[in-house]
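Next up: just one chain, as structure tokens, the form predicted on its own.
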């Protein structure tokens, strides 16, 4: 059997595409996580798990409401920005939803129609272009197999093997994200963002998930990420943000698009969506909203233009490129030491928080 479309990755981009594509297509979704059950082989997503207002808006536009069971606690409404380079701390109001990322992805997958075949716990190994179709080599933990499809969609994140094999790759755009989990009995009343050039030219974060604190950072891929993260961990211990030993560590690649040259939507028979295409904010690393939008845009183009979707999909996602250009301008202010110092010292858009009240 040859499928019309094979979607590699069942995260927000892949699940949205699979949900919105017309029933006339023979579609298969492949993911190494077991997103259809509560047990089995699961590769945890390295993600802070905050649903930003942009992502909330996209879900609303798609007629979706977030179920209560995917929420994590606490739900807090501010970010404590710690600028270690300039010795400044400010609090800013933010309207994130604190979610369990695995449950969020499972929920999105549950919305995919039953006509779409799902292969979970299935590791994508490689693929070959056979002219009229692709041979996709997979492994389910026991046996290897080949899935045939006429159109291949990479929705498999920044480490996408499809992107790396078929499209140009620019050094300097890839980061390594490392995240550790620490047990806690306290309640952190805010999220924490850390600016520290000795660790990264991006940012680090601390987020509470129920009785655990997540410490994470996105570090340039051309640097020693493990050593940099170890130094960050030590500094956060000294400042009293974390204690004890980590109970878990996860990691992944992150693409930080600096210009339109870092965005690739695919070719005639191959499409990329979400972070695999480079759709992720260069200022905040928020990617869920872009994944939801690009997945929906790709479904729209396939439904309307069939296998001639490629040029239409590239044009349709132009609005995402414009948005990312604006985020790059914002990033220059956020990550330029002097500009950030001036903004934070001015106190603009910040709010006053009395630390003593946090413990009363």
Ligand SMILES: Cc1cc2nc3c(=O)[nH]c(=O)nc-3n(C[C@H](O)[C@H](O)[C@H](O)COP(=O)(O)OP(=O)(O)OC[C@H]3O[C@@H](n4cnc5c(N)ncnc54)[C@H](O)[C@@H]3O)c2cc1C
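The structure presented is a predicted model; accordingly, all values stated were derived computationally and were not measured. Numbering follows the first chain given and starts at 1.
Another form, the form predicted together with the ligand, is not on view; read the next lines as being about it.
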Quiz item: Of 205, 202, 264, 241, which one comes within 4.5 Å of the ligand in the model of the complex, counting heavy atoms only?
Solution: 205
Quiz prompt | Position in contact with the ligand when the complex is considered in the model of the complex, options 58, 46, 324, 331, heavy atoms within 4.5 Å | solution = 46
Quiz prompt | the ligand in the model of the complex: contacting segment from 83-91, 110-118, 188-196, 284-292, heavy atom within 4.5 Å | solution = 284-292
Quiz item: Heavy atom to heavy atom, is residue 166 within 4.5 Å of the ligand in the model of the complex?
Solution: no
Quiz item: With the cut-off set at 4.5 Å between non-hydrogen atoms, does residue 236 touch the ligand in the model of the complex?
Solution: no
Quiz prompt | Contact of residue 72 with the ligand in the model of the complex (heavy atom, 4.5 Å) | solution = no
Quiz prompt | Any non-hydrogen atom of residue 134 within 4.5 angstroms of the ligand in the model of the complex | solution = no
Practice problem: Note that the ligand is not shown here; using its position in the model of the complex, name the residues of 229-253 with a heavy atom within 4.5 Å of it, in sequence order. | Solution: 252, 253
